[in-house]
Ligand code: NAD
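First comes one chain, alone, set out as structure tokens in the form predicted on its own.
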Amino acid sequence: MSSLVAPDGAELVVHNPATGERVGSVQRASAADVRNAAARARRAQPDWHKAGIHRRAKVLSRFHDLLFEREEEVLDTIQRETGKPRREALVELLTVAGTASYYLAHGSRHLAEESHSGATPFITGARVIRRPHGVTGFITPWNYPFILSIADALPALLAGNSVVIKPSEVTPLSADLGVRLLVHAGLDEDLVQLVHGEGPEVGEPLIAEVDYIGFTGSAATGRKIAVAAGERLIPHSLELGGKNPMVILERAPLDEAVDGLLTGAFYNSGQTCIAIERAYVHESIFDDFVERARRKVEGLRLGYSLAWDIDMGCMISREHADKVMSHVEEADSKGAEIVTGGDRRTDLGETFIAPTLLTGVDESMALCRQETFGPVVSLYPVSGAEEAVERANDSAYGLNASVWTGTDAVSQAIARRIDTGSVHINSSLLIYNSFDVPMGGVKQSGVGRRHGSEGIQRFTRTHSIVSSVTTGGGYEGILSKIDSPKRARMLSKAFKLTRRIPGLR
């Protein structure tokens, strides 16, 4: 199988973080295995590109249908290596299927050859075509192992690239299943390769072999990948961390805003790049909002189950749980108030943390500015929209935000002033399933976009073709005939005139 590129390598064992049980294994790849995988992908890619987008689309269409035929297997695999609730595993499947469906419907339009204006009207013309980079590489994290390893690969494949993926060593089984489904759908197994292992051993040699690298993960690692890509002058995209704000003003529908906070902060146990980690609430409704949120949070059902009866699962590991708790404990020791939660649920397991609300968080605390990436949100009273926007923008990150005001015009005005890649109005996580809308960050939250036209065009390079008529020597013939002040003036007047005639530029 294409994912097991190192049959003689060391085994990489996968455990369920909720129960500790062993749930599977894959084979570690060496640097030589990475080079071999990339070489096979490179040999297979030209024929895949020449096959044309309609043939490529047929494979993605069959893959889309297979997702639902194998739905239970996909959900079980995601749950068992992440510990997340079943409804969240279902959302991963639906997001991958939605990505496939969107690009099947719109990919050919986004990749279509374009006609452009030439240098001069009537004499010259221009066309722009899009060519695949060749071999695209992905380094993907553990929090959404099916979405982030497979969904980005789909537009890359549809654009005519081959793909080599390094999924997280913590959650490789979802990617392995996704690749097997692609091959079952008719994709040449050399066109989609998996290489397993830790970043330094596998990620670094992968960047050295591919023509494009996409990364989702921490800002610290993203900087290293940008440097490595820059050394080779290859294009790259980085979706990095966030300290995402939510703004709730006095006319907001409070119960709905509380529900938006719970979804935004505690979905996937807060282990979401676009998760809400700080909420700015108008002081006139602050106490009421906090109390309503506390009651709702304390009603969430924690645990692990393959049924549909759980609201929030566990952290991906004990080490990550330790990191999240260190933020909470430090804030508590420095005077922040824990409204609810703030403790480990050892009755459920060492990786479970109660969903946590805090007030009184200040600049002296890591929780104030550092990404926590767990089920923890800080609540702050603000005097109004001006203060809320100022504090929302006062961050090194700029990935996502949420706005609730009760008035669309006010919400739209605030949304346009928040310095993030995306802003939700009356929602928290909608951007990820808005497939026609580009998604990504600014500042330390990354570069590049997924979804929409940019989400597939990033896997291509533009190829410009300009042309001239031959009559009279064409464009260069005109230039060669400028041999007197009179002719120079005539040419200048002609160029000046083109700006004033509609449709010529």
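These figures come from a predicted structure and were not determined experimentally. Residue numbers run from 1 along the displayed sequence.
Keep in mind that the form predicted together with this ligand is not shown, yet the notes after this line are about it.
Looking at 242, 214, 83, 374, which has any heavy atom no more than 4.5 Å from this ligand in the model of the complex? None of the others qualify; the residue that does is 242.
Would you kindly say which of 140, 405, 422, 99 lies with a heavy atom within 4.5 Å of this ligand in the model of the complex? Result of the distance check: 140.
Look up in the model of the complex whether residue 150 has a non-hydrogen atom within 4.5 angstroms of this ligand, and give yes or no. Close contact is absent here: in the model of the complex, residue 150 is far from this ligand, nothing within 4.5 Å, heavy atoms only.
Mark residue 417 yes when one of its heavy atoms lies within 4.5 Å of a heavy atom of this ligand in the model of the complex, and no otherwise. Looking in the model of the complex, residue contacts with this ligand do not include residue 417, since no heavy atom lies within 4.5 Å.
Quick check on residue 434: any heavy atom within 4.5 Å of this ligand in the model of the complex? Contact with this ligand, no.
Using heavy atoms and a 4.5 Å limit, would one call residue 335 a contact residue for this ligand in the model of the complex? Heavy-atom contact with this ligand at 4.5 Å: absent for residue 335.
Please determine, with the chain shown alone, which of 379-387, 297-305, 366-374, 153-161 has non-hydrogen atoms within 4.5 Å of this ligand in the model of the complex. Heavy atoms within 4.5 Å of this ligand in the model of the complex occur in 366-374.
Within 447-472, which residues come within 4.5 Å of this ligand in the model of the complex, counting heavy atoms only? The one in contact is 450.
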